[in-house]
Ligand SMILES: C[S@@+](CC[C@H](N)C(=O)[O-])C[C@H]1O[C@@H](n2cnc3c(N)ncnc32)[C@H](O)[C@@H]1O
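Here you get one chain, nothing else, as structure tokens; it is the form predicted alone.
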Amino acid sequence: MGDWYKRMFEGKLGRYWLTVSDRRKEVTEIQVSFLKEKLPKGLTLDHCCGPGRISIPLSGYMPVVGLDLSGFLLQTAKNRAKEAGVENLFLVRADMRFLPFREETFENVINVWTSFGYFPSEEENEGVIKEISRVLRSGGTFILDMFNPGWLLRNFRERDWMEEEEYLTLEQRSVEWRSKRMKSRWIIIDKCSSEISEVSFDHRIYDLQELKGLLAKKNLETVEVYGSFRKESFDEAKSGRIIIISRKT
């Protein structure tokens, strides 16, 4: 996935994103509740599972395979699963473009928190969806959670400062609407050590119709769309998220 990924999710930056993930406890509870309601019980792939924020609580309801490329985040997930006494979670380190599973292995696949669209080429991003469809059983469920560019356009900010107990963070953004990519530069200051970390990356922006079309090309039929995990109806202007529930045909 490129050098930016290694810098972003390992070492000092990995520990920063871990604190970001840990602040989402209330959001996590809402998301897990939504997933329990919308997913049939069965073997589920948490695609880009990170530190197990979703995988660990969901594994109390159904067997879960958590997949990620970050060794640091997977080790964190392993430690946390052990502390929680979780037995129904299996962790795999792999590249999302080349899933190490046989065809039609999973009843469900989930991709939560905008973990799709980071590759530079359309072919690579589409290949990710092709791989998800390949390992999903016929009639299986795929849930994709992305940010909504319609909301982004109306609420765009070039810069944001965030101050927390341990970190000061500056995010700088720019959008190239012609190529449909958003570029981000993160500068993170550790308040205890005064160390400065920086990472830059860009992300493919997909609207709802593009996502539905991309899924359809890979035999994934959209059956429901929400604007939040609270099951709010999707509104192109007002919804912060696009949450698509699809079935493999």
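Numbers follow the displayed sequence, beginning with 1. What you are looking at is a predicted structure, and each value in this text was computed from that prediction instead of being measured.
FYI, the form predicted in complex with the named molecule isn't displayed, but the following is about it.
The named molecule is not drawn, but in the predicted complex it has no heavy atom within 4.5 Å of I132.
By the criterion of a heavy atom within 4.5 Å, L144 is excluded from the residues contacting the named molecule in the predicted complex. Taking the partner from elsewhere, D95 is found to have a heavy atom lying within 4.5 Å of the named molecule in the predicted complex.
Taking the partner from elsewhere, S59 is found to have every heavy atom lying beyond 4.5 Å of the named molecule in the predicted complex. Here the chain stands by itself, but in the predicted complex one stretch of 77-85, 172-180, 113-121, 149-157, 113-121, has heavy atoms within 4.5 Å of the named molecule.
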